[in-house]
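There is one chain below, alone, in structure tokens, taken in the form predicted on its own.
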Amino acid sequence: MTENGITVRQEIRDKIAAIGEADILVGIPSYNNSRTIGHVVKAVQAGLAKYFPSQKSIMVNSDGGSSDGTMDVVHATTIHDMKSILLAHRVEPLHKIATPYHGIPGKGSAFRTIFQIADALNVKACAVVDSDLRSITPEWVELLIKPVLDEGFDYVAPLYHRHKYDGTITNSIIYPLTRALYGKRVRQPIGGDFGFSGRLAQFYLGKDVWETDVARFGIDIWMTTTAIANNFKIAQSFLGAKIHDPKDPGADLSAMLYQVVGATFDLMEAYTDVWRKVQGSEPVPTFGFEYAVGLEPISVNLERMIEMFRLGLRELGGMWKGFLPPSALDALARTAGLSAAAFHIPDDVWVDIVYAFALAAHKKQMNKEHLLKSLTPLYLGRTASFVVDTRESGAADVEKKIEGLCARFEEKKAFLVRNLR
């Protein structure tokens, strides 16, 4: 049997048929997360029981072929002392489905399975949370689901407090660019934990992206951008700190930039007629009580980032001349001669660089992968500049600096629009 292009195994169809319909679905995509997924499952179960006791709820673990027993942990995990965490007894039982997903390897294929089950069960509200979370609490379920059920929002993005040197791709590229393009101040457009309505899940399922790189690498930014660009009702909820398993320090940063920035640029192509008309930006409603949280320290190697920037300038400068403004190239050359203590890439120069890369990708001036991977040394230089600028800054001052960068992206957007052709 195939539904919406997805082959559904018989045992999953039987479970869906037995459940019939549901009010709430929480999805947990996973891949070799047996060590952490038990905690996530317990938090989700507790959140559903505590905050939505009268709703019929289903939890779906969509697994990408784990070999460490992740799905066994999901099946086995239960909450033993329900009374200690409940305000009211559950009226409806919680149903669990753990299923391996099929298709292109990647988080997007897991999401596709979750959307398909949500559609089949005609759910009203959904949430998806990462399987390696160590900071998730039952309140996350309420904060991601309640704005959908009670306030009619279609998409609830996460809002976290993060260390000032965590999430630098988001802070320096994805947040300011997405905000300037589409006019909504969604602070964590690639946060990984989202709430969304059943009708938005159905809309996602009908989009023709599931055999593309977006499904493999850019599902988070695709979900956010698709919701905004198609005029769904957007909000965000403060979840506290996001603490999860550390990523592989040997991972290829250029590959990560290529995947995330590439997906963002692809979406620019898909929604050009939408974003070229947008001017400025506006805040989105925010739910949850914001409070200070303890954050794990992030170590950075400033000297190595600067050296990688200088090496990139020497080896790739000739290629960049083909599309970077001369003023930006001159500024980069001056920056390369500065000491580590004085190292600085101004906001205006950085905005010009990002927009120039976007235009080069749009005009297909060179191979897309080569183009975007060449952004890596420039990104490292900008990150080094940010580290130098914020060494003595607290969280509030750092956020002001990021907001200032966003304002420059908005002010310079006219250059991007003028040069589209």
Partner chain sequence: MGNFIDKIFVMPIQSFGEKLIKFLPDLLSAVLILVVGFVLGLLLKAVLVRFFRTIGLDRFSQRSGVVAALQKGGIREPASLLLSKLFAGLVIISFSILAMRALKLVVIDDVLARFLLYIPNVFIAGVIILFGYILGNFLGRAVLIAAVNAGVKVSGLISRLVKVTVFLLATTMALEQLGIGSGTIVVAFAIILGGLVFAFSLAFGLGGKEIAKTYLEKRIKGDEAKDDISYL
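Positions refer to the first chain, counted from 1. Remember, it's a predicted structure, so these values are computed and weren't measured experimentally.
As for the form predicted together with the partner chain, it is not shown, yet the points below apply to it.
- This chain is displayed without the partner chain, yet in the predicted bound form the stretch 165-173 from 284-292, 270-278, 165-173, 347-355 comes within 4.5 Å of it by heavy atoms.
- Taking the partner from the other structure, the partner chain in the predicted bound form has a heavy atom within 4.5 Å of a heavy atom of residue 373.
- For the chain shown alone, residue 48 is not a contact residue for the partner chain in the predicted bound form, no non-hydrogen atom being within 4.5 angstroms.
- In the predicted bound form, the partner chain lies within 4.5 Å of some heavy atom of residue 244.
- Although the partner is absent from this view, residue 190 contacts the partner chain in the predicted bound form, with a non-hydrogen atom inside 4.5 angstroms.
- Within 4.5 Å of the partner chain in the predicted bound form, a heavy atom is found for not a single one of 17, 27 and 135.
- Put simply, of 230, 122, 301, 202 only one has a heavy atom within 4.5 Å of the partner chain in the predicted bound form, and it is 301.
- Of the listed positions (75, 334, 314, 207), a single one reaches within 4.5 angstroms of the partner chain by any non-hydrogen atom in the predicted bound form, namely 314.
- For the partner-free chain shown, 363, 364, 365, 366, 367, 370, 373, 374, 376, 377, 379, 380, 383 of 362-398 come within 4.5 angstroms of the partner chain in the predicted bound form, judged by any non-hydrogen atom.
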